[in-house]
Structure formats: C-alpha cells, structure tokens
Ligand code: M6R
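Only one chain comes next, encoded as structure tokens, the form predicted on its own.
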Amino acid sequence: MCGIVGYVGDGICKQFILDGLARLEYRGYDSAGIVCIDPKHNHFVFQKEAGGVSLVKKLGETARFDGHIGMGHTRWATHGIVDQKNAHPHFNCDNTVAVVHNGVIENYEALRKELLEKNHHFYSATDTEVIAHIASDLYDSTGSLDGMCTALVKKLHGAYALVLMLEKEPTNLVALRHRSPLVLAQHDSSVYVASDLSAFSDKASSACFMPDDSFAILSKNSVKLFDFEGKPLIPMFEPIDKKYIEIDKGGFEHYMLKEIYEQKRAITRTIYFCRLIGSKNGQYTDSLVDSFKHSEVNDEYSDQIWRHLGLSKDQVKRLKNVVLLAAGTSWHAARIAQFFFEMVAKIPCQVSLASEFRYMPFFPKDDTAYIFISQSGETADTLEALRLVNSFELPTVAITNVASSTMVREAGGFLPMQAGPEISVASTKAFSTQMATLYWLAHRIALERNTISWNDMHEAEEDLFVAAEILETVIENYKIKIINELAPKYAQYERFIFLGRHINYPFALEASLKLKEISYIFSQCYPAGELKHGPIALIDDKTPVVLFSILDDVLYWKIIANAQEVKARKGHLIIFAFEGQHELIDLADTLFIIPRVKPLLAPMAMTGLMQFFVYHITRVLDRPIDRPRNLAKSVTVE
C-alpha cells in the first residue's frame, strides 16, 4: 500500500518527487524516502525518515541534494517494523542499485537465504531489499537492463510495482509491474512514473497505465515498454484530462469533518450522474443538480445504461443472482445493498469478502452479475477477485470513486460514484455514495425486469434525496450536545458494544469499525438477536451499548426486547431511534432521534450522525483523525 514517484529528464527532480509523495501519503505514511543521482559524481544521494505524516515535509527541509533523475517512496509497513532502516529506498551491498517497491514478495525468505549463502549482507528486515541484491547480480550477468528485468521477474513471486535505479545506468529508470499499479507520463523531455496519476497530473501532458506483467526503461524523451518475455510493446499514451487539484480543509479542523458535511451534496451528485448515463449527450455539470430534466424514456436510453455497465438488457432480464465483492467499509456497504437487490429487484444476492472469495470453491454462472466495490478501485483483494471472475468471461461491474483506476480498466463495465476526493483515511462520503449507487442500481435492475414501474424508479431517486437531507439535518440537531456533553463523556470509556438487526446490522458493523479505526477504542459488533447467545456476558455498566433501531414493524419489537435485555443487566444504552418509537426511546440513557425515511434507507439517514459522534469522541482523545496509525487509504496489498 506504498506510494512510488520517479522522474528523469532535463529538470531537477527533488521538489517534484516530494510533491508527488505528499499526494500519495494516503497509500501509507509510516516512513518516506528519496534518492537521486548526483549529477556531478553520478553516485546515489538519499534521505529517508520514519515517523508520522510530516515526513515528506521533513525530507524537504533536510535533503540537501538534487538531480535530474530520482525516485521517492512513502511506506505502509508489511515486512519489518517502522524505522529508518526499513524505510525505502533499499540498496544492494555496495549501494549501486536502489529500489522502491509497492507490494509483497512472497518468496523473499528463500531468496534472502540464497543471497546470504553468496555472501550478500542485508541492512533491513524488509522483503524489498532482496530485489536490489538480485537485480545487481542479474545486471552484472546479463549486461543490460532488459536482460536484468526478464530474469528478475522469473525470480520474484507475489505482487509488486518496482522502480529501480543503477549507478551504472545514470540516465535510466526501470519500472516493473505485476498486479500492482504503475502509471507512466511524459511532457517535453521529462518522463514520470508513479503509483497514481495524481502524483504528476498537473505536470505531465499524457499518461500510459502500464499493462500488467510489463516493464519499462525510462530516460529523458524516451519510454521503452516490454512484456515479461522482453518483447517490445507500444506504450498507449493518452492526454491527461483531469488535473490534480489541491484539496484544502475548507475551514474545517479535519478532512474527515469536511467530508462528513459533503455527503448530502455527494449523494445528490451521484444520483444525477446515474440518471445521465443513458442520456444521448448527457454530461454532468454542477448546474444540473438544480436543472436536470430526465431523458426521454426509450430503448436507446436503457441500452446505453447497460452498455456502460458492461451488460445487455437481455442479461439483466435473465439474471438469477447478484454477487457483491468488497473489503472493509465497502463490504459493509455491500452487505447493506444485499437487502436492496433482494427486496427491491427480487434477485438472490451473495456478499463475499474479496480476501476470502479467491480461496473458496468458485462455481461460475453466466446468469450472475458480479459487482466489485472499492473506493479507490485499487484494493488488491478485490482486484484479484475481479481477475478470477474475468478469467471465466463472466459479467463484471466496478463501482468505484476513481474513474482512472485499475478496477475500472479491467472490469466489463463500471458505475462511478460521485463522492469527489476523499482525503481522510476513514471513509465517510464514499460509504454513503456506495449505498446510494447500489440503491439506485438495484431499482434500475428492478425496472428493467418489470418488477417496479418508472414512477417507482423516480420515487426511489427522490427518497435518496430526502435521506441525504436528513443525514445532514440530524447532525445539526445534535451538534452542540455532542461537542459539549456527549463526546467528552464517552471518550472516557475503554470499550463499546454495537448492536443492529436486519439491514442495520452491517451498518452497526461500519459504526464499530469507525470507532476502532480513528479513536483506537476497542469495540465489537454483534447481531442484536445473537446477544443472548454469548455476548450478553460482556454487558456491564462500564461498556456502553450502541443500538441502532429499524423501520420494520416486526423487527422493531425484537429490538426493544434486546434493549430490555441490556437494561436488565445494568447496561448503558446509546440508542439511535426513529421518530415515534416511544417504547425504545424510553429505554435510552443517551438518545438520538432521526426523522423517518423509507425503511431500506435507514442506514443512510443515520450515517452522518454516527460519523459525527465518533469523530468528536476521537477529537477529545486528540488522535490523528485524518491519518490513523497503521492504516492506509488504498489497500494495495493482500
């Protein structure tokens, strides 16, 4: 989950690399480093640091060198503790080969043992360092960069994106990609390489996403691309049409708080964008939020929607199953969406953790749509699951927030969320727009299958707008009380239990995750109906229980019974209830009341308030809210 930036050209590279690393810190921020070739002596000069999120700034202040060729790295630790020795770049024995790496070398222990037997010595505990040693030996034996690369890829097992520099090749960068993203770019005589287009999109004019299982030899004015057998490939450069825009906090204390408040707008944008997919010449602009007029309803409109999703109307009508695959917060959104597909579209829906899916028996079915959900579109587990399904030539759809991502390029079709850039590691608006996108899609499939009418479809879209409005309104209703009273009170507790039923159980899982990942307070979530089957032993007056109500007349009374079980054992109840649920409201020690919405949109209505509550508990604890320890925004390793 590391970030890589490289440059070669006539210009000097240090500031560009530092700027690129700052933009890639979402991929990891345990440590950072930079290396250049000194243009006077043709030797490596480097600086690397371990610590917190100010590393890149520190590098800029302390690295007193520059060059015309260089590379940098920001790390999320997989092998070896977080310290300076394990920070990238890594070198061979005599410091003549440097490497930065994103991914995992699965056979590094065997390679390390082999190298030790050849009298190589190691400085770090990482898997990455073996690459520099092997590359050094292979360059000496083959005498060329392309020979080194074709031999190197036969040695390495795992997933990796690599950039190497050699003192003996002071005008070249070498980039290799196997199942981890790398993108190349150029402008005039300058050539760039990075993990993400955002690292250089405001400096380069065109970009090429490296194909899987390829390597490139980069020099000023030159990009030579090869497959892993050494056969030349034609690099497919395309104009960069979206420049990186520096996102500030807009007056908010943290990006997370800003993004909590952006959810209403993001959901609205997402639904208008979904509507426009089938428009003949429809293009999304901000003004359309207020002025959108629905396209004429006809077959061409429907055909264009399903083409965008990589499906046909006939496939949609023949669907017998939907499979949703995701990880982390996206998995919680998928589990919520299971209810949308089964209750609205009347299609059986299976939800799988991407990390488990590949290692379970797979029974391919051509009457099933496989939908892959990821904020970044680079989540390694989800990508590998996508590749498995693609190998059977089955229908695959990506739902992601990044239209240039690997997942979008590899899926049969895609439906982009319109959350906009999400800077905070803890997901907020991406989660709510995933729910909105999946709710819309379930209804659109139901419409195509004649399960609902066009009026029902329009009503569903309007219901989403209402839920988005309530999401924001309830924050304002409880804002002062949370900041002044509730957050200081609950920041004193060391553990929490979360409970939910039906569609609100996966939402409770997401709430529990939010508290864990940013406050570092231990929390555990259970289906409320399972409370008496073991977890009830944990109930005491030192463990607040957060209970999410539901808008279902039968299950509501079950939730009340669960609340009474907690109270009977002197438990402390924090209840998210809906208007009119007086029986449940009377049992609360701390109460949040939410206006009623359509039952399937209950999680969306509660989302903003839940996030705001957790945010302020964490703020009282003075944790690094936007960059929690040990986490990264884009999880690009298994």
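Model, not experiment: these values are computed from the prediction. Start at 1 and count along the sequence shown; that's the residue number.
The form predicted together with the named molecule is left out here; the points below concern that form.
Not displayed here, the named molecule is approached by residue 426 to within 4.5 Å at the level of heavy atoms in the predicted bound form. In the predicted bound form, the named molecule stays beyond 4.5 Å of every heavy atom belonging to residue 486.
Taking non-hydrogen atoms only, residue 413 never approaches the named molecule to within 4.5 angstroms in the predicted bound form. Remark: residue 514 counts among the residues lining the named molecule in the predicted bound form, judged by a heavy atom distance of 4.5 Å or less. From the list 322-330, 113-121, 440-448, 531-539, the contact stretch for the named molecule in the predicted bound form under a 4.5 Å heavy atom rule is 322-330. Listed residues 376, 396, 195, 126 were compared with the named molecule in the predicted bound form; 376 is the one with a heavy atom within 4.5 Å.
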